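Okay, here we've got a single chain as structure tokens, the form predicted on its own, with questions on binding and movement later.
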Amino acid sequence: MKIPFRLLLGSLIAFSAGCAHPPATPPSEPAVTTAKASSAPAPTPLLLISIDGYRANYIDRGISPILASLAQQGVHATDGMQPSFPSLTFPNHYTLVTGLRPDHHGIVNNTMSDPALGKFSLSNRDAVSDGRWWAEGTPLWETADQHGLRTATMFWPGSEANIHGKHPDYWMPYDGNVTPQQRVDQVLAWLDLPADQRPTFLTLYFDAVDHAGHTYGPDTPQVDQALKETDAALASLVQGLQKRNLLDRINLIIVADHGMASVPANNSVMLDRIIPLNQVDVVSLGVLAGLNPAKGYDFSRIEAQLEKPQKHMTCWDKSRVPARLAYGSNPRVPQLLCLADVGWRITTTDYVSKKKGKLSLGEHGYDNQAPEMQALFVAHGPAFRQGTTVPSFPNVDVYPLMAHLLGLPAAANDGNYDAVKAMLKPDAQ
């Protein structure tokens, strides 16, 4: 049975007000650029929403009623959408807007090393905003800009960088203190702009579910609370779109970048107990550890040791990564990779000591076929079929789908529009 949005919203308005605080001052944004002239009618607006770390089966918990209603009334991949490998945040967010696998767009990990550019990490704001790291891909907002469409991104990874000399028309540097409600308010404010300034392609990013999953583990009350608060923000968005008579005139695609797996505190593979760390350059640790040769040492001996069968992890030279993972050819991929079994992490005794036992109890980055890594996919709007479920598909297919919806030529990508076009109504295909 379809649940009318007005009934769901009526029960959630009070909750939404209680868990999301209105901004004291509106979030700042870059100055409006000059209007773009176009003789063609503007396509239907498209809003791409990411709920970071929303594992596909979280929706079955019954505490995301607005999201469940959008899924019920639109298109839902009930078994989830398969992330690209590695199932990490920055690689998969950039895959979603470029259609390229991480090995092809160059954001191969949340933590990377490049001989010319140095070190990249989520906390390195200079690197995150440096367009050279992102230049191997062409994000959808760049193509949209080239064809006269305005774009706006609310914290999407990559949008802070000047990629090929371009930012989205409206964008904001990431600030984790901006509440879900403030993020929604900003998107609605962009949709309220005059027609010649209004964006046609927008993105919106929520991260509370991912943070709670890391800190407490996926099967905890804290994750449930984050799910409720995020759904309340979606309720506010839906209400705002209804007020503007936009809910049935905007296409919504709601995704996650990856899922989340529980990792008990004691489930750690101590890398320094297997190899001497002074003989390698450790690029990354965690679920996917990456090692490069250190000067003056025989790396072949390290590789031989780690590529032997190991407890709770599997290691490969980058040239021997299983083909199905589509990973290892990019120069930024470290020479040796070690992938933890689901439910385990790869770390060092020194790191554990520094953390004083306060390790992340939820992780992602695992084999992208793992059930725990499957990501949310819901679509709703005038272009999409109603009450339709679809089988799992790879997230590279989202990009050509979005390009089609916006009437844009897709840049070179790894996706397959034909594999997902059946989720559209016949007249939208």
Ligand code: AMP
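Numbering starts at 1 and runs along the sequence shown. Computed from a prediction, not measured in an experiment: that's the story for all the values here.
Not pictured, yet referred to below: the form predicted in complex with this ligand.
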Exactly one stretch in 186-194, 242-250, 209-217, 331-339 has heavy atoms within 4.5 Å of this ligand in the predicted complex; which is it?
209-217
The unique member of Leu359, Leu325, Ala294, Val128 whose heavy atoms fall within 4.5 Å of this ligand in the predicted complex
Val128
Trp133, Tyr170, Trp344, Tyr205 - the one with a heavy atom within 4.5 Å of this ligand in the predicted complex:
Tyr205
Taking the shortest heavy atom distance, is Pro102 within 4.5 Å of this ligand in the predicted complex?
no
Partner proximity in the predicted complex: Pro157 to this ligand, non-hydrogen atom cutoff 4.5 Å
yes
Would Asp52 count as touching this ligand in the predicted complex under a 4.5 Å heavy atom rule?
yes
With heavy atoms only and a cut-off of 4.5 Å, decide whether Thr89 touches this ligand in the predicted complex.
yes
Pick out the residues of 64-81 whose heavy atoms come within 4.5 Å of this ligand in the predicted complex.
none
